[in-house]
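Okay, so here's just one chain, in structure tokens, the form predicted alone.
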């Protein structure tokens, strides 16, 4: 079973071989490192850039304008804030040209906490990103979805932001990517670069297939009838585990994995809320102007009379960053106990 970083690498390999990817680049993206999470090891179109986020985005825009299909990386989303104006330019192209021009680029960046990354390696970015019009935004919670979402992102004619949860990069999947070997050691030997000298190393790519997860389609990760939990990324496995724990207490909780943050799957969320009468949105972004508030507002517009209790958002605290000490990180973003408590409280709240 591939882990999430390997799944991204397999998808990028398929993209450069079959979907026209011309360039994969960013800081340490090329040889010898192949990305800080090894998500770009062994890719034939991967190359390194200077530590220049504005240069990375400007280059990607230029390649896309010239007819190429780039996949660029900002090494951590914490360093993306000095390119907001360029992201806006990328997103404006199709609209401002009345559909005449397109920007077929993917921008991937690791997001979120969970790796003790402190102030400069623990931010979330999805809420701010949804204010940059013209971009589609995806965030997988498992390797198979990461593979399928990346292929769909590459195939898009306009820019897609691929947000990879840092804390899940080494998590193995429960489902095989079509074409990958079932034995993880076999996969490791085929595509993971050895330690030490890599000058003569070449990957032996497995025959992965064209498997896609449609952008804009959520997935019911766990069916239930008493509470709808909407989440994504790192919070998804925490939510599913909490729902399984609460099932032993007689609570039947539905967990939806958004997979696409924008445009999110409102029909699925609405149908679930109409069934359960309760809504909890969970993510680790800071609580003020959190995208979860938008989800709640849309549910209020579309399914207000189905709600039995007020909907709630469980999110990160309104603080400037996540501290290095575990106590700071633990109390800055939702943890397993917080998820469990919020789900239990809302599922049992008297209507």
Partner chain sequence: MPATPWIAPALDAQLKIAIHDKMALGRATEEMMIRMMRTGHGYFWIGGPGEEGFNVPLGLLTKKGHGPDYDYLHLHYRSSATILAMGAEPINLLRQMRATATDPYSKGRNFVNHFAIKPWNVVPVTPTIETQYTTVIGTALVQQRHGGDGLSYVTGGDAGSAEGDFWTCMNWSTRPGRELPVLILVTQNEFGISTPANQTQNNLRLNERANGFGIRNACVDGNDPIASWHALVEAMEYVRHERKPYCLQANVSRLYGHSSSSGANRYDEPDCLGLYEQRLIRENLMTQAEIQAVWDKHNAQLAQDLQIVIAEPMPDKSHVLQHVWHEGPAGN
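Residue numbers count along the first chain shown, from 1. Since the structure is predicted, the reported quantities are computational estimates derived from the model, not experimental observations.
The following text describes the form predicted together with the partner chain, which does not appear among the structures shown.
From the list 123-131, 267-275, 174-182, 102-110, the contact stretch for the partner chain in the predicted bound form under a 4.5 Å heavy atom rule is 102-110. For the options 61, 36, 313, 303, the one in contact with the partner chain in the predicted bound form, meaning a heavy atom within 4.5 Å, is 61. Using a 4.5 angstroms threshold between heavy atoms, residue 86 counts as touching the partner chain in the predicted bound form.
The partner chain is not drawn, but in the predicted bound form it has a heavy atom within 4.5 Å of residue 56. By the criterion of a heavy atom within 4.5 Å, residue 136 is counted among the residues contacting the partner chain in the predicted bound form. For residue 325, no non-hydrogen atom is located within 4.5 Å of the partner chain in the predicted bound form, even though that partner is not displayed. Contacts of stretch 142-162 with the partner chain in the predicted bound form, defined by any heavy atom lying within 4.5 Å, are made by 155, 156, 157, 158, listed in sequence order.
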